[in-house]
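Consider the single chain below, provided in structure tokens and representing the form predicted alone.
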């Protein structure tokens, strides 16, 4: 019987609860420091205790997963903790397309795939000396917003970068990505593409709450100007967002374009959950500044189902449960090769 495994972080509770709801065995690769937390939840059948998540690469962990016919569900922690080469070397079947995670982790490759999908994007800035307007500076990979900063010119960029280096938040030799800042209503659009049905599903939308950039709005401008601290974009949590119905046509169009572009650029394509991330401007036009090629933590707010999935399923359906159902259906019809890599 197929089982579902994941790393103990990010959205593991949603993933394993969904798997248990589908009648599958659940396995959590759990760091020793978090063992007490995860032992609270009865839907987790087995804990593989490790000192570091990188131990999922070791023969011992791989052997346990193999014995349980496990499918590993990737999420942001996998990308943050391991290199693309390490992820691609994992022998346990990974749900979705493990090769596309490299494209998520590398800013240049990410931009290339987004352009191939014709997603409307803010312009990248090639060098700090070319900063003419407000920009946001980002790290590579799934950093959760930590170490991101805004800059208005080259001097501002260098001052803030040096401060973050001195605080140990970013490293001196770290390659940073500069992008024009897009203002508007944040919207993180969550999708699921089923290679079994060859259908795209719009799961829902969320907003992310970042500290302490959000708190600045409550501080008078006079005090803001006196502060030398570089505000953080570290993601703390998420809240639900329901879009105007008139926007949904473009939402589906962007999702379908991304799926088709991924098929062309990185076989077998964008299978399973993904997220297109951006803002709506004053004209309700969307600009996408990111994508995540796997389940995102914002889906945690819909553990009992999202407004949009209630239109597609006459039952409570979380993203974790939707993943488990796809795996279960694939296993029952001898098509696991279609949903894993």
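Residue numbers count along the first chain shown, from 1. For clarity, every value in this text was computed on a predicted model and none was experimentally measured.
Below: the form predicted together with a small molecule, not depicted.
Contact assignment for the small molecule in the predicted complex, among 98, 138, 75, 161, heavy atom within 4.5 Å: Only one listed residue qualifies here, and that residue is 138.
One residue of 53, 308, 286, 289 in contact with the small molecule, assessed in the predicted complex (non-hydrogen atom, 4.5 angstroms): Flagged contact: 289.
Partner proximity in the predicted complex: residue 181 to the small molecule, non-hydrogen atom cutoff 4.5 Å: It does: once the small molecule is placed as it appears in the predicted complex, residue 181 has a heavy atom within 4.5 Å of it.
The small molecule contact at residue 193 in the predicted complex, heavy atom, 4.5 Å: Contact check for residue 193: no, nothing within 4.5 Å of the small molecule in the predicted complex.
Proximity of residue 102 to the small molecule in the predicted complex, heavy atoms at 4.5 Å: No, no contact at 4.5 Å.
Heavy atom of residue 277 within 4.5 Å of the small molecule in the predicted complex: Contact with the small molecule, yes.
The small molecule in the predicted complex: contacting segment from 111 to 119, 242 to 250, 185 to 193, 219 to 227, heavy atom within 4.5 Å: This holds for exactly one stretch, 185 to 193.
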